[in-house]
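Form predicted on its own, single chain, as structure tokens, below.
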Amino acid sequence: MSWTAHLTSFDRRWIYLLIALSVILPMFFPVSFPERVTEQTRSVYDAMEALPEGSTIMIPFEIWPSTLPETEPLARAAVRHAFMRNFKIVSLSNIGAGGPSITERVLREEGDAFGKIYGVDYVNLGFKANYLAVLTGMGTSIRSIYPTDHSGTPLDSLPIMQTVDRYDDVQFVFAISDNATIEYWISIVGARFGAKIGAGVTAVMAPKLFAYLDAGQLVGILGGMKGGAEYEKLINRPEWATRGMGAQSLVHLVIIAFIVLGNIGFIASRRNKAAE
């Protein structure tokens, strides 16, 4: 059998196997590819770096469990950066199905890694229904919406909340979202109450937000796993986003290689038939 016949009759099961290995192996044996930091990612980093050490920021987790592979790495990168700068983090979620527990898990794990204390260095306010009323109400008084934290502890008993009761008391909002609530953070919390907003969103959502970025209503955007990998590079802490991008890039290379080989085999076989 000629080499062109081998290319055109290649068993597709080998392709599936190579794709699977390209996804799995980089998670355990990281593969490094050059990662160019985009302007919108660097803008989020610069905004965080410009804040005085010990500032208070707000990080809402508006994400569903289904998007965690894409959104959790960038969320962790932002939380790590905040703890590296000794920021206080006030967090919440307008997603009732899983949002508060995702928030709790990420903050607790990263807080333990940096030796941070719950109620002193970070707090999870949890979930309240009717996000439009929640976002508007917190501009006047966070306590009017969240009298207690996620576990039922009164806010007045938490040291971190002694000086925080409205958006004016936080220096930056980094909203992590996989849905339309990000636009309400921009239009209500940013435009109405004057908060500086950065966004961490899925890759498919990022292009839509560039209009807000160009209008100055967003400081910057972390778009999907790539945005998370870029941020990990900026804070010099390569973790799951970097590994995920390694796997994704390797899979893309494998797919491109098979496309090229398939086309070479197809063109060569047609020429052979024409020559006959």
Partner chain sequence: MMRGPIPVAVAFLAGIFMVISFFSTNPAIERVSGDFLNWVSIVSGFTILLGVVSIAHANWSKIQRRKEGWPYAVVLRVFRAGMLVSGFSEGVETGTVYDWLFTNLQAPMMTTMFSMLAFFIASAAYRAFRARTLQATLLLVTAIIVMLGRIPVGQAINSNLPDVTNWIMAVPNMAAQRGIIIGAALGAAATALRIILGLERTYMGRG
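This one's a predicted model, so the numbers in the text were calculated from it and none came from an experiment. Numbering follows the first chain given and starts at 1. In this text, the rigid core denotes the largest set of C-alpha atoms whose superposition between the two forms falls within 1.5 Å.
Beyond what is shown, the protein has a form predicted together with its partner chain; the following relates to that form.
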query	finding
Heavy atom contact within 4.5 Å of its partner chain in the predicted bound form, the stretch among 74 to 82, 154 to 162, 136 to 144, 169 to 177	136 to 144
4.5 Å heavy atom contact, residue 25 to its partner chain in the predicted bound form	no
4.5 Å heavy atom contact, residue 45 and its partner chain in the predicted bound form	no
Partner contact for residue 98 in the predicted bound form: its partner chain, 4.5 angstroms, heavy atom	yes
Proximity of residue 53 to its partner chain in the predicted bound form, heavy atoms at 4.5 Å	no
Core-aligned C-alpha movement of residue 250 between this form and the one not shown, 2 Å or more	yes
Residue shift check between this form and the one not shown, rigid core fit, residue 27 Cα at least 2 Å	yes
